[in-house]
Structure formats: C-alpha cells, structure tokens
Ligand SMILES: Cc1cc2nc3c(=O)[nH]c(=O)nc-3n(C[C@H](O)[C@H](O)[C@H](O)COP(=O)(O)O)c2cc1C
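Starting off, we have a lone chain in the form predicted on its own, written out as structure tokens.
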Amino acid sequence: MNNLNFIFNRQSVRQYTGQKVEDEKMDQLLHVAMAAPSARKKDPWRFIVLQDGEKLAKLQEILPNGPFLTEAANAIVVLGDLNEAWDNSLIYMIQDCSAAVQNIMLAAAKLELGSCWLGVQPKEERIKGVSEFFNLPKNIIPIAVIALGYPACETIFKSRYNNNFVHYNRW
C-alpha cells in the first residue's frame, strides 16, 4: 500500500512548531477541499482561512478542544451554507462539509503538514461562539475548525483496520 501510506500517516496532531504554512500549500488544501463529493454538486462549503495569531487565540478560547491552535499558526474554519445545501438539508450540508474536511486532512498529510479536526457542529455553544466571532449570517453554519501546521512530533504509520468490522454480502 506504499502509494497510500500518506493516509495511514495522517493523525490528529496537537503539537506544532509554530511555523506558518506557505500560502501555496494553503491554496492547495482549499483546492482539494472543493474537490470533495457533494450531494447534487451543490458545494455548500465555505471557508475562513486563519493565519492571524490574535484571531487564533480568540478561537482557542471558544473551542475547548483546541488549546493548541496558536501553536499551529494556521487554521481553516469549515462552514456550510444551508441555503445552498441540497434540499436545504442540514444533514446533507454536514456530510458535504465533512468530505471537504477529510480531503484537507489527507492532503495535509501528503504535504507533510499536521492537522487536527476540531468539531464545532453539533455543539450549540461552539456554533454560537464561532458564529458570533465571525459575525456569520444565519444561513452559514460552522461545522469544524482544522488546525494546520508543521508537526513538532513524528507521525507514525498505523492502520486501524479491523476485519471484524467487514461483512460481505450479508451481516
């Protein structure tokens, strides 16, 4: 599986060097995010790229699961436009945005960057905090924040494959 090792090397990184991610790499991550599958090709995802230490520090206060955001030096806030989601469905919007998050994180691993998915949706206090901080319109729903940066720790090849979870042609 050598061609797929970058997938196995992807892990949640919570220790970063503080070095900013180059604009070219951030641009690549946004391109792969928008290459994700989307119900009826509605592409309801929207993104806020954060590279400002003060804003990352404020976001760190809002998200109790992200005390390392300022170390990461970069983050992408993944938002969904409910008006653009297929059938105006929150569930489809979340699925579409989650596919974009996964693409970003896999591409980050390929680019030798660390990443960590910080859940916002469905925690009401996090949704409210992020929405107020960015002054989001009502139809724009924060889904997740992805911390991005150069890892201060080594990634370890791992597989969590479990044959007991796989069924063929029947349960």
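Numbering starts at 1 and follows the sequence shown. This structure is a prediction, so every number in the text was calculated from the model and none was measured.
Omitted here: the form predicted in complex with this ligand. The next part is about that form.
- At least one heavy atom of F68 is located within 4.5 Å of this ligand in the model of the complex.
- Although the partner is absent here, K20 sits far enough away that none of its heavy atoms falls within 4.5 Å of this ligand in the model of the complex.
- In the model of the complex, this ligand sits within 4.5 Å of a heavy atom belonging to S12.
- Contact check for G119: a non-hydrogen atom falls within 4.5 Å of this ligand in the model of the complex.
- The partner is not drawn, yet in the model of the complex one stretch among 109 to 117, 129 to 137, 22 to 30, 46 to 54 has residues with heavy atoms inside 4.5 Å of this ligand: 109 to 117.
- Contact annotation for 142 to 159: a single residue, K158, has a non-hydrogen atom within 4.5 angstroms of this ligand in the model of the complex.
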